[in-house]
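As a starting point, one isolated chain is supplied in structure tokens, in the form predicted alone.
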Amino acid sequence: MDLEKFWENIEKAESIGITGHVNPDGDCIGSCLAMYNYILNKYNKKAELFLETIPAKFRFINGGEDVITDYPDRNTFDVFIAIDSGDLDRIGIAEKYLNAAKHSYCFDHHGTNTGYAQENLIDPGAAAAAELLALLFDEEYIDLNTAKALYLGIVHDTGVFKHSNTTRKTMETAGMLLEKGVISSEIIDKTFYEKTYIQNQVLGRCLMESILLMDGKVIVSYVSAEVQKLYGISTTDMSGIIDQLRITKGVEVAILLKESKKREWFVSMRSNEIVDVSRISVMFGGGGHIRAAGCTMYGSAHDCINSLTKEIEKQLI
């Protein structure tokens, strides 16, 4: 990607759109808000940010209240940017904006990225899309709002710096953001650890109803659409559950299935040391990282679990 040309197009643009992937996580939301705030601060331009949803816990970041969760028909954008999304399907309805844009760009850190925009910058070595952006931005124009969003993204995709994707570069980038005035505990506690009472109830239910498979090497839990309706939650309210499953002693792979609609499941997978879950996710139309990936599957929960565990078993033999 010609970054100089990218910033020139941002400067000239009369309309700028930004999006991330469906079922947005902390890195997706943080990196999209970072781009939104950076463009606002450096170029004094307000982009339109489209996300399928944004949980309340992320809305304290500047721009969080401006996120557009419906996708109205409109004229083409001069510049449209997809962030932290590995393929066109993953940006959902926003595909119509990207395809029609005069200039389309993708910034991502997933090795499975298909390079679907006109220009693509993909760095699988970056711990998070937010880390990638932090290194592209002119540090002089990273204000506190941008820094908070970047820190949010890095914290979530590294599991608060615990995951194996955390590098020296990650820590140095986080340190730079702290020097911008970010209060680490505010970001981490508010968005990573803090849970509502209902979220804790669902976490407890998932743990109680989880099952161990393959001699305890795989742990699985699922949340049906009925259960989500019962508790009044959506799939985005279940962050942290997969990580709690993953740290079960003796477990190599954790699987969490969340039913988005009848017999349609959003699958999250995490592994500890051996299994490449991104390779499995790609087989089912998804993607991600070696130790953290996801996909959408169809059928009964048991059908999905059986299909996934067959592939996990091949890597554990």
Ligand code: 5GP
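What you see is a predicted model; the values in this text were computed from it and never measured. Just count from 1 along the sequence shown to find any residue number.
We do not show the form predicted together with the named molecule, though everything after this point is about it.
Out of the listed residues A292, V67, L257, L40, A292 is the one that sits within 4.5 Å of the named molecule in the predicted bound form by at least one heavy atom. Only one segment in the set 244 to 252, 32 to 40, 284 to 292, 46 to 54 has any non-hydrogen atom within 4.5 angstroms of the named molecule in the predicted bound form, and it is 284 to 292. Using a 4.5 Å cutoff between non-hydrogen atoms, S271 does not count as a contact of the named molecule in the predicted bound form. Looking at H110, you'd find a heavy atom of it within 4.5 angstroms of the named molecule in the predicted bound form. Contact check for R90: a heavy atom falls within 4.5 Å of the named molecule in the predicted bound form. The named molecule is not shown here, and in the predicted bound form it never comes within 4.5 Å of any heavy atom of T309.
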